[in-house]
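As a starting point, one isolated chain is supplied in structure tokens, in the form predicted alone.
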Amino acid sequence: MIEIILYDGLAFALPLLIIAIGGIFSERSGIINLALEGLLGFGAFTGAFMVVMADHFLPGSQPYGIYIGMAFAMVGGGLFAMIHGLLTVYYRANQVISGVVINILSMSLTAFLTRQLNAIIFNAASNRFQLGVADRFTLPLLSEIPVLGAVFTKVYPFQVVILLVALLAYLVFEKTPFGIHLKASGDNPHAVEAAGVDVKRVRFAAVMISGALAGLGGISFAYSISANFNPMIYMGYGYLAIAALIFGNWQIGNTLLAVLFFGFARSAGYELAKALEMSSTFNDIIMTLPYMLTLLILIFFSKQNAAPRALGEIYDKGKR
């Protein structure tokens, strides 16, 4: 049972991590990003559409479908994030309202486009894109380690990609001039501008990065949760990622611990229900477990959080 909890928990936690890292990029630059739910949904829609297009017109591309999906999901999420970036950075719109509206727009738009594209291109009356089951692999020697070997068992390809992208994001965030400018833009944007750096450009780039990373997490959930894209499958995972980054105090390392906690709690709940032979009705209750834990965590730890000082503030170059 412990092994199943570990590898299923990781399969849920890692997509949540990369979405949360995207949120960290945006919010550490000073832009509140409640749009993560919409960005992951639109990114997943773009990736899933390209997968089914490739499978339809190039049948031999199916073994590489998941990689095609991840690549285009990042492109789609990044492009869709431009809406939030333009509204909040350049048109100085309210960041919370912009995020909420983009979430609603994404769900409605992807639902409409999925039905229309299925009807026009594939002559099918369907509200989903069928992706198929992603192949999982096991690392021969490492998987034989007691207990911890489960981490190297039944691994999805997207988990490896997410770890590599997360490592790259960490290095950019912590070790590059762009990362320094990004963090300073969320704390003291006027000082950044005085140093000759365009704060608006940094913030806009951070929002686009958040969209790309959210798209990668979205397509990963599509493959692992239901093997298809449907606008209704995400069930608030973008908001759960926001809770994780807040719990992690806008730090990538702490956020990793938060998403692991959520992932293992979710998989442990499922395994407990199976062990106790509970009816399927209890699955609905178990699916709420990460959200209930989120509420408890925020109650006890929210006072210790230190958000970026300029988070949510509209940047005015002439104001000091």
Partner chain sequence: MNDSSQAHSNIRDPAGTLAVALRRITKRFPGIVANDDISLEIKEGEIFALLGENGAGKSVLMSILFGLYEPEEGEVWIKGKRMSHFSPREAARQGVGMVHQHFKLVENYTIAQNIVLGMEPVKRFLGGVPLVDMKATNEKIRDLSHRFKLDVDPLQLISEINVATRQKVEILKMLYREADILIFDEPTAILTPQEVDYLLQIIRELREGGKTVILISHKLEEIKAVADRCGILHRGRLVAVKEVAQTSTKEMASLMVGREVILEVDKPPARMGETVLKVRDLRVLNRDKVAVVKGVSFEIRAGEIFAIAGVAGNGQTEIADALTGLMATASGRVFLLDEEITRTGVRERNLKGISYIPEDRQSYGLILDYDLSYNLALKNYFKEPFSSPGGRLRQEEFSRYAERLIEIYDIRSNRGGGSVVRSLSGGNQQKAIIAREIDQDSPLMIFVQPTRGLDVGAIENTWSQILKEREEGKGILLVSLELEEVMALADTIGVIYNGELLTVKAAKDFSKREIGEYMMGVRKDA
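Please read all numbers here as calculations on a predicted model, not as lab measurements. Numbering follows the first chain given and starts at 1.
One more form of this protein should be noted, the form predicted in complex with its partner chain, which is absent from this view; the next part is about it.
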| property | result |
| --- | --- |
| Option touching its partner chain, based on a heavy atom within 4.5 Å in the predicted bound form, out of V192, I162, M74, A206 | V192 |
| Position in contact with its partner chain when the complex is considered in the predicted bound form, options A184, V155, L131, V202, heavy atoms within 4.5 Å | A184 |
| Its partner chain contact at A227 in the predicted bound form, heavy atom, 4.5 Å | no |
| G149, heavy atom within 4.5 angstroms of its partner chain in the predicted bound form | no |
| is_contact(N188, its partner chain) in the predicted bound form, heavy atom dist at most 4.5 Å | yes |
| Interface membership of L171, its partner chain in the predicted bound form, 4.5 Å heavy atom rule | yes |
| Stretch in contact, per heavy atom within 4.5 angstroms of its partner chain in the predicted bound form, of 206 to 214, 219 to 227, 134 to 142, 176 to 184 | 176 to 184 |
